[in-house]
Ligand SMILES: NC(=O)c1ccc[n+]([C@@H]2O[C@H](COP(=O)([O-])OP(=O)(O)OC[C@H]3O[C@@H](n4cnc5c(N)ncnc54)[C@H](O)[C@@H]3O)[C@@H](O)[C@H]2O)c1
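Presented below, as structure tokens, is a lone chain in the form predicted on its own.
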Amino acid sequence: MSTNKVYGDAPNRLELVENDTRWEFADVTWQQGIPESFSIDQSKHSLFGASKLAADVLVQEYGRYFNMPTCCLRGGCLTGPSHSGVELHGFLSYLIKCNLEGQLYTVFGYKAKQVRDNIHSWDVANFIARFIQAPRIAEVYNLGGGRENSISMMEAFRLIESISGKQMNYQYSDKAREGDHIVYYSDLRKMQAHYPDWRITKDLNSIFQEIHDGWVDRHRP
């Protein structure tokens, strides 16, 4: 299990357009998302991203050098109803928890229009099962929700408010997180070409509802 952080902040160098509620890639080359061929070099990764990248390359090397079935899954925002997110990791679960509890949520930069793709743990596990059934040598896949399951911070606020009926309590900080992506979502075309029976089964509305219900259940006496 790798991470999209192996690309560092290089996606931020791509030309973006600012829409009402989100940033988006300007060039049609990237409109399906970031592919596995995107450069991992000459960018700021964070120590977390660098450690994942080291493991990612080593797993690939075992595959190529020893002809072993290996796979690096460069995850986007992996989530689900049991996800216990915190401020700097697992943003969707943490955002929904803050909404339900009325906690102050801090947005770090980019006008709250930064974009991520979200994938349910069921779809993650289902892909892993497909790979185990038909393994490949030294493969790399960007595992996320793709363009269809991408959402900005601002859009996420509106969606959880429509589900919970509670206003989002948040503050804005101009200082973005070091090495953070402005826009990132996974190009799923390689995965779907190699495993055509696999697909995203949980859309954003389902994901939000399940996380919401999960937090509500945990707070019941």
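We number the residues from 1 along the sequence you see. For clarity, every value in this text was computed on a predicted model and none was experimentally measured.
Keep in mind that the form predicted together with this ligand is missing from the display, and what follows is about it.
Trainee: Only one of Cys98, Leu78, Val107, Val140 has a non-hydrogen atom within 4.5 angstroms of this ligand in the predicted complex; which is it?
Mentor: When this ligand is considered in the predicted complex, the option within 4.5 Å is Leu78.
Trainee: If you check Phe48, Tyr195, Tyr62, Phe38 against this ligand in the predicted complex, which one has a heavy atom within 4.5 Å?
Mentor: Looking at the other structure, the residue within range turns out to be Phe48.
Trainee: When the contact criterion is heavy atoms within 4.5 Å, does Lys52 count as touching this ligand in the predicted complex?
Mentor: Because a heavy atom of Lys52 falls inside 4.5 Å of this ligand in the predicted complex, the answer is yes.
Trainee: My question is simply whether His83 lines the interface with this ligand in the predicted complex - judged by any non-hydrogen atom within 4.5 Å.
Mentor: So His83 counts as contacting this ligand.
Trainee: Which of 147-155, 83-91, 132-140, 98-106 has heavy atoms within 4.5 Å of this ligand in the predicted complex?
Mentor: That would be 83-91.
Trainee: What residues, if any, in 1-17 have a non-hydrogen atom within 4.5 angstroms of this ligand in the predicted complex?
Mentor: Residues within 4.5 Å: Met1, Ser2, Thr3.
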